[in-house]
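Form predicted alone, single chain, as structure tokens, below.
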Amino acid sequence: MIERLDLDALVARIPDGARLAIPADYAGVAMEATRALLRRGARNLRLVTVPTSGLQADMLIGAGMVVEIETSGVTLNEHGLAPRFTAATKSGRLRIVDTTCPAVHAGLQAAEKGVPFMPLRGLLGTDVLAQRKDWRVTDNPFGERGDAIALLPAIKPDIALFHAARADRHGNVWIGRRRELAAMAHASAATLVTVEEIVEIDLMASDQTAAGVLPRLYVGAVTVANRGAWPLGFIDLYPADDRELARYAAAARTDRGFAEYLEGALRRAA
């Protein structure tokens, strides 16, 4: 049986200084767990967004809990720029590791395959390649001389954190079409998941569900968090709360506004 924890116990497994992989807003963001992490006051987190982020990264950055972020973008989408990410970038207090969406996926794929790097050709000639001293360009060993290709090191997060629709009592987690969540879990040393519900059936027992399941082998712990992605939307279960997202976007434009929003959000969550 999988270990079931409450939210505070779940996020206690994310140590200060952890390299934390988090999914894009559309893929199942563990916002309830993020609020628990904010209450705890984590420090020196190094985020890896898969491949982008929004509200989750912005709140953690605004709370001063992040020292580094590897990302291809942080935005509140139709609600505008991510204000705390923008402010931290301008002030220089946040280290930005610039990347691209394909590069993030390639790095995770290298880690899940247990190889030190992954080749990727589309980066050649780009500005981002010039900024990444840890990326290498070499000749394709199977091609003609002068056939260049970029080599990207494996991305190995300490923790993958995401929200899913359901898990079974064995710890198998249904992720549906969101295969990037599987890549995150395969690449990470540990995976923590919040879910809408625990079901009694074995999700691996039927072909109708097994194809969309992350097996328990890759899941460290699970906790139930009803509407755990709110105010972000989550698949077909509930839409994004646009009023709340707009309220955050307006408040977080200033340090004081963000602090007041965060205090109220954590008080309501508690």
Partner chain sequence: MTKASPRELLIAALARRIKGCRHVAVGNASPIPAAAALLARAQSNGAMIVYILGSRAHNPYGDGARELFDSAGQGRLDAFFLGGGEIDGQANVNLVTVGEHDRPQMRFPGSFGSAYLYFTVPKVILFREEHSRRVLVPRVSFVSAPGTSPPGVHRTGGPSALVTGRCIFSFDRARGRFALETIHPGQTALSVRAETGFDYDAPPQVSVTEAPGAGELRLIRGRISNEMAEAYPVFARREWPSHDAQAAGR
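What you see is a predicted model; the values in this text were computed from it and never measured. Positions refer to the first chain, counted from 1.
Only in words, not in the display: the form predicted together with the partner chain, which the text now covers.
Comment: the partner chain is not present in this chain, but in the predicted bound form one of H170, R136, K156, H79 has a heavy atom within 4.5 Å of it, namely H79. With the partner omitted here, the stretch from 31 to 39, 213 to 221, 58 to 66, 229 to 237 that lies within 4.5 Å of the partner chain by heavy atoms in the predicted bound form is 229 to 237.
Within 4.5 Å of some heavy atom of the partner chain in the predicted bound form lies at least one heavy atom of F85. Though the partner is left out of this view, E200 does not reach within 4.5 Å of the partner chain in the predicted bound form, counting heavy atoms only. The partner chain in the predicted bound form comes within 4.5 Å of no heavy atom belonging to A190. The closest heavy atom approach of G114 to the partner chain in the predicted bound form falls outside 4.5 Å. Shown without its partner, the chain has T89, K90, S91, G92, I96, D98, T99, T100, C101, P102, H105, Q109, E112, L120, R121 in segment 89 to 121 as residues with a non-hydrogen atom within 4.5 angstroms of the partner chain in the predicted bound form.
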